[in-house]
Ligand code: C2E
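This document opens with one chain alone, in structure tokens, the form predicted alone.
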Amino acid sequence: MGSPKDDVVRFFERSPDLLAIADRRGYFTCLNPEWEAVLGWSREELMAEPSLNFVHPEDVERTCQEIARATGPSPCTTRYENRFRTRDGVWRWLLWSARWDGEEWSSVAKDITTRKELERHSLHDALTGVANRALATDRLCAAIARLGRSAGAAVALLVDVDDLTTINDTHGHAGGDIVLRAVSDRLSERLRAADTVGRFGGDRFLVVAEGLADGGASGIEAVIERVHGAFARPIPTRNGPVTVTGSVGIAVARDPGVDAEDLLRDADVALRRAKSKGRGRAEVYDAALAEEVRHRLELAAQLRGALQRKELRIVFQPLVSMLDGAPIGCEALLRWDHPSRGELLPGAFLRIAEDDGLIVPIGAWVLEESCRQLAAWRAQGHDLWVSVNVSARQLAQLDFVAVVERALRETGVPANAICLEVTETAVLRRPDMARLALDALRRLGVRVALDDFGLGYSSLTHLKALPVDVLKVDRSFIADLVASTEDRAVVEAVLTLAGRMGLTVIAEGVETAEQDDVLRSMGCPVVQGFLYGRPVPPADVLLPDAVLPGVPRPSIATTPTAA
């Protein structure tokens, strides 16, 4: 039986842990064989230079702080983690338990690399490698908690990649993944080392910034600039470079009592406001924003019962032939007679209806009512057609085509007397499902119009694949038609393209005689706007057998042509 000293030596030599003794200069003076097995260095190599030379540069400061704490006035055992360099250049994570006795260090280290990798996989996004939702939220909670010990502000920024659906549709999901990885890399590069970048799933990232010493004013602006800078350059993909923008919603915490989920909710509200103003915008949550949310929730609650209370109604704006100045159809437009706020236009409530799903029953009602009114006009001998707007959510409903078919059947209106207007955004939100629905509508004989044409940067790319009969030129091109040669060129190009594809063009937003003259000289077949009539109740609609005041009447009328 060996002596106790022999037992100690045997334990030291055979221990699966990394055992070490180091002097006050930080040089190892004694190491067990496990060091060679784990790191690949010989013990002589490890003892030839200060141990800090083997520590990852990012971990040196923290390691020194722990050493200083343990060698202070009250020596103690310290526990910390750092990365050690192996002979082949790989970094291994070590968990240390070390004690200073006044003369030397006695340490035990465990190789926890596998555990750290498992933690990373569970706390980091698989696609981009940045923090996942759980870790990013945890970092936000920690940043808020630290406000109790330091001045400044903690900021949550929700960053949304604009139109990722369109990018996926144009460049494939592999291209979309390349964009997401590039955005996460650029955000990580541009932000401070102390900031956190996390992916919240889909096209959304969370940036956590803290320690803004000025309370947030110029500091927030600097963070926003860094975030927007991540989108400044096009992102290369296999199918060519992609220009990407990002919308940002910001919420600021200056009090450790703030709840992280509340802060994220506020940032989401700010993000929605930013996106409503266009691409690449940033908005900061504030008291006015909070009031806007309260107003929105109140309006949403009231809208839920508006249909049953018969507060909704339809008005019609004429679509006029430029060849004879007579109305050939109408666009059905929704109005809400709010009991306390009076008449509300769609811009005040349709976004709420879309977000809450109310647009589905409301849209079905608008279609049915429009068909009934059209049936009444046609029974009086007026050869009109009616255009009805369809939202993205309606188009995505599995029974949407059945809803259209039922409205036609119950009212007896011919399918080609109805034109359903869809926006490019609505089609591209779920392009495969949208195209199936549009193809089915085409088989019914229903006409389809692409609304707001020219606003989407991929309009021409997708036009050839969409079953479309009518193009509606967005009013933003008509507003400056007289003064802007660029807008005039766009409208001329659309008219030429449509003519070659057998499509009808409707110019919307025509308000002046000058605009009308330019469109007439270009050969635009159909127009719509205040110059020719405002939206009015059915009883006030100017029917085809009447001539609009002051408008010349050629002998041939123009109607939409199916593609």
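Remember, predicted model here, so these are calculated numbers, not experimental data. Counting begins at 1, following the sequence as shown.
What follows is about the form predicted together with the ligand, which we do not show.
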Checklist outcome for this item: If we test each of Leu31, Ile506, Val510, Leu503 for a heavy atom within 4.5 Å of the ligand in the model of the complex, the one that passes is Val510
Checklist entry - Just one of Thr196, Gln317, Ser107, Ser247 has a heavy atom within 4.5 Å of the ligand in the model of the complex. Which one? => result Gln317
Checklist outcome for this item: Note: the ligand not shown here; in the model of the complex, the stretch from 333-341, 300-308, 400-408, 171-179 having heavy atoms within 4.5 Å of it is 333-341
Checklist entry - Taking the shortest heavy atom distance, is Arg351 within 4.5 Å of the ligand in the model of the complex? => result no
Checklist entry - Using 4.5 Å between non-hydrogen atoms, is Thr137 touching the ligand in the model of the complex? => result no
Checklist entry - Are any of the heavy atoms in Pro346 no more than 4.5 Å from a heavy atom of the ligand in the model of the complex? => result yes
Checklist entry - Any chance Ser391 has a heavy atom within 4.5 Å of the ligand in the model of the complex? => result yes
Checklist entry - Which of the residues spanning 87-102 lie within 4.5 Å of the ligand in the model of the complex, based on heavy atoms? => result none
